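First comes one chain, alone, set out as structure tokens in the form predicted alone.
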Amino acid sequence: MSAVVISGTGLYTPPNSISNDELVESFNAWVERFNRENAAAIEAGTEVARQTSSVEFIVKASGIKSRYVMDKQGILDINRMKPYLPDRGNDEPSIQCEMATVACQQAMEQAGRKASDIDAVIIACSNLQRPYPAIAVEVQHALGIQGYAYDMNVACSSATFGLQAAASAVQSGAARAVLVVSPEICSGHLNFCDRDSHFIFGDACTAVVVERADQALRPDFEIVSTKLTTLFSNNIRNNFGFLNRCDDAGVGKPDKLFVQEGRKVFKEVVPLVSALIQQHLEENTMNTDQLRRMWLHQANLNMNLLISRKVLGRDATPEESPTILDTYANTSSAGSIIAFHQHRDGLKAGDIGIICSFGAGYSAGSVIVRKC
């Protein structure tokens, strides 16, 4: 079976950034107006008063300080509280396609590859703006790539599951090289009126070139092994879908956006992911002393600190477990790849690292890589 490498990565960062200060100012203005307009119902007990937020609360709860978004004005407008992303005609490129092509071109340039060298495109992300035709096929067409393309969704673990699928395709001979792309517009499914979650997500797109090691022009990291796991849970959920129109009673309900039981997620996912990483290393006759870097899913700083502590048996240094969520926030499946894209320098040939993502499902994916 052919060895497989990551030879290039790309990143699309939206032009707009929202600081915690800006987000809190807008949210609190909305809260004050809501409570004022619903004062009678709140007094009667038929409505619950909303609580204001604070920068300190957001940083303590998540470690997030700002986030990039596709539209800033609509999110901060208290009369709207959601991004404004105009509908496009069928003859225009989709928003996700535009994001993806930028990231893919960067990744291919880094790998020294052209469209004719790529045989497959996998769009692996949490949020797809339409069911069909597949965004992946649209991106394939936009880049002029032959072969095949498909969309996949395993929530925040989509990128690592996509890397596993790409590695398998290359090892089997189904493709010489595969693009794994994660165009996440998380702001589109976020409830900006919910104090406990309005600060969590940002938007971004990543791309990774996966190809045969013996044919790579610029091999960077060998994919040594992949390990995936899933466990059903309702603690992170989004009930939006095409069947919503079949029951008017559910239209506009909060569960049609991102909802989670944050404390339960923290308590259950940390041991799940820690055990996955440790088992994956053991299966490859490796120990944690060999682990030079962990590019973890960028959902919550406290969660990542605890996972790395459980894996290493001590606190990780910022170099061992780099963080990007302070400026990007949670970008779902793109997060661990952004961390990898921005923080993979400084390793020498033979050094071992792990790309790990985890999220709704529950799902978790671990990819052991070795510096070429």
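It should be emphasised that the depicted structure is a prediction, and the values quoted were computed from it without experimental measurement. Residue numbers here begin at 1 and follow the sequence given.
Separately, the form predicted in complex with octanoyl-coenzyme A (CO8) exists; it is not shown, and the next lines address it.
*Asks:* Which of 299, 123, 104, 178 has a heavy atom within 4.5 Å of octanoyl-coenzyme A (CO8) in the model of the complex?
*Replies:* The residue from 299, 123, 104, 178 that makes the contact is 299.
*Asks:* Name the single residue among 201, 161, 221, 295 that comes within 4.5 Å of octanoyl-coenzyme A (CO8) in the model of the complex, judging by heavy atoms.
*Replies:* If I apply the 4.5 Å criterion carefully, the residue I get is 201.
*Asks:* Report whether all of 168, 206 and 322 sit within 4.5 Å of octanoyl-coenzyme A (CO8) in the model of the complex, measuring from non-hydrogen atoms.
*Replies:* No: none of 168, 206 and 322 comes within 4.5 Å of octanoyl-coenzyme A (CO8) in the model of the complex.
*Asks:* Looking at heavy atoms inside 4.5 Å, which stretch does octanoyl-coenzyme A (CO8) contact in the model of the complex, given the options 329-337, 343-351, 34-42, 309-317?
*Replies:* Going through the listed ranges, the match is 329-337.
*Asks:* Hey, in the model of the complex, does residue 265 get a heavy atom within 4.5 angstroms of octanoyl-coenzyme A (CO8)?
*Replies:* Within the cut-off, so yes.
*Asks:* With a 4.5 Å heavy atom cut-off, would you call residue 140 a contact of octanoyl-coenzyme A (CO8) in the model of the complex?
*Replies:* Outside the cut-off, so no.
*Asks:* At the 4.5 Å heavy atom threshold, is residue 72 in contact with octanoyl-coenzyme A (CO8) in the model of the complex?
*Replies:* No, residue 72 sits far enough from octanoyl-coenzyme A (CO8) in the model of the complex that none of its heavy atoms falls within 4.5 Å.
*Asks:* Though only this chain appears here, would residue 127 touch octanoyl-coenzyme A (CO8) in the model of the complex if you measure heavy atom gaps against 4.5 Å?
*Replies:* Yes, residue 127 lies within 4.5 Å of octanoyl-coenzyme A (CO8) in the model of the complex.
*Asks:* Quick one: which residues from 90-104 get a non-hydrogen atom within 4.5 Å of octanoyl-coenzyme A (CO8) in the model of the complex?
*Replies:* Going through 90-104 in order - heavy atoms within 4.5 Å of octanoyl-coenzyme A (CO8) in the model of the complex - there are no hits.
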